[in-house]
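Take a look at this single chain, the form predicted alone, given in structure tokens.
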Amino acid sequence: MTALEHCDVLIVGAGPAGMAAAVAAAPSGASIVVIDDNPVPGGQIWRDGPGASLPAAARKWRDALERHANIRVCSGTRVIAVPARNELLLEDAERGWRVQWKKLILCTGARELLLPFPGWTLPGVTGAGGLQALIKAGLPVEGERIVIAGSGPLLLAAAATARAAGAKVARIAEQASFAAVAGFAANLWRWPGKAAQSVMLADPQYRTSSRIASARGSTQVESVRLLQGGREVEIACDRVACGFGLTPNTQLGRLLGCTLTAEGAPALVVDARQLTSLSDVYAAGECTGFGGSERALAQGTIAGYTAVGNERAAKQHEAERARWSAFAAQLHRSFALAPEIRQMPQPDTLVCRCEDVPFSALADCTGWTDAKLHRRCGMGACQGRVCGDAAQFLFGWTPPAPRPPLSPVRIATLAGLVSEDGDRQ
């Protein structure tokens, strides 16, 4: 049987929200455990690696975690299942174990929304955030010609990361209109730090009203076709990175029974205290909707204080949260995906890469269950994490309900949940 551990506050995710929650809760003296599947704290936005240059904020929050003896960080750790109401089954490279908690704070972040287009399965095509992660992990891109397409400020951030690593950014194709982007920029005076950041990230290769039509190549991507202002442009390149926004990671929250938002990409519903629909489960950061690291820090701080009963301290951060929630709302309005994005896939474009299911095979399906049963969509290695998000955007299908195990797991870890007489623990 797997070992059973206990803590007062369990935090899932060590990105900005998770780190802020832990630091806020620590002065109470509560026993705090932070788990994360990355090698070190920081999440996707502050991902470390041989090619990473960590900002001062990332180092500041890491140092804050280390200063508190009652915070235990378990890196390289995945959530596998929910064996009981207040218990999670975890696994790292060495062992599997269970942890019981009194309060749970979900800071599970978000993942890139990857949408299919002709050629998106070619080697050399990645997500925009995926390109950043690869470069930070040490991928050599010096001298490569890179085209970045999709929507949102992440495109500029990915371009800056690539250029700093020696790549040549041939084009940044933003699907939003010039009017939408200009309107967003005109409102940045309300957030001076973001205004300064936008100036630093400005790029001469940036084009609005521009979207990807296809990537071409024999054994790997060699060029990309863009639809730009009503005309077609082909650009030779060695790598393509596409990002169409983020999708909140809600699998664990859904498995626990948390309520999701009804509009847009499903996110965990929280109240003013960052409390979900469950009385002892809080949520903060991108799993409650995309809003950036500043909003995640404010939400995490409020969740951490509230989880240990310090409501007065939590209220002091509500204005900061409101400020960055307003920024998030402006971001969503300005970079909302145009209906034309749904026209990117052709009949033979693969939607489910794991099981080679083309768009034409899904067009007549009535929903996710139909597609899964009759077309094997979502039955492969990603278990619907990529094609499920794409199908929701393309067809409006309800995402598949999560089932354990939530991550690949060793048999020994699962076997430890069963006692010698065969009863489930």
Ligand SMILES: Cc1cc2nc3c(=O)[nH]c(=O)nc-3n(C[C@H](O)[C@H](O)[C@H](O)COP(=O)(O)OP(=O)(O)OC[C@H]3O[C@@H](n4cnc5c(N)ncnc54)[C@H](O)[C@@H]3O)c2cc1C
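Quick caveat: nothing in here was measured; it's all calculated off a predicted structure. Numbering starts at 1 and follows the sequence shown.
Here the subject shifts to the form predicted together with this ligand, a form of this protein not shown in this document.
- Note on the partner interface in the predicted bound form: the residue among Leu394, Ala26, Ala58, Ile45 having a heavy atom within 4.5 angstroms of this ligand is Ile45.
- Checking Val240, Ile302, Ile105, Ala296 against this ligand in the predicted bound form, a heavy atom within 4.5 Å turns up for just one residue: Ala296.
- Not one of Ala215, Val351 and Gly378 comes within 4.5 Å of this ligand in the predicted bound form, counting any heavy atom.
- The candidate stretches are 76-84, 271-279, 221-229, 335-343, and the one lying within 4.5 Å of this ligand in the predicted bound form by heavy atoms is 76-84.
- Heavy atoms of Ile148 never reach within 4.5 Å of this ligand in the predicted bound form, leaving it off the interface.
- Although the partner is absent here, Ile35 sits close enough that one of its heavy atoms falls within 4.5 Å of this ligand in the predicted bound form.
- In the predicted bound form, at least one heavy atom of Ala157 sits within 4.5 Å of a heavy atom of this ligand.
- Mapping the unseen interface onto this chain, Ala173 falls outside it, with no heavy atom inside 4.5 Å of this ligand in the predicted bound form.
- Contact annotation for 14-32: residues with any non-hydrogen atom within 4.5 angstroms of this ligand in the predicted bound form are Ala14, Gly15, Pro16, Ala17, Gly18, listed in sequence order.
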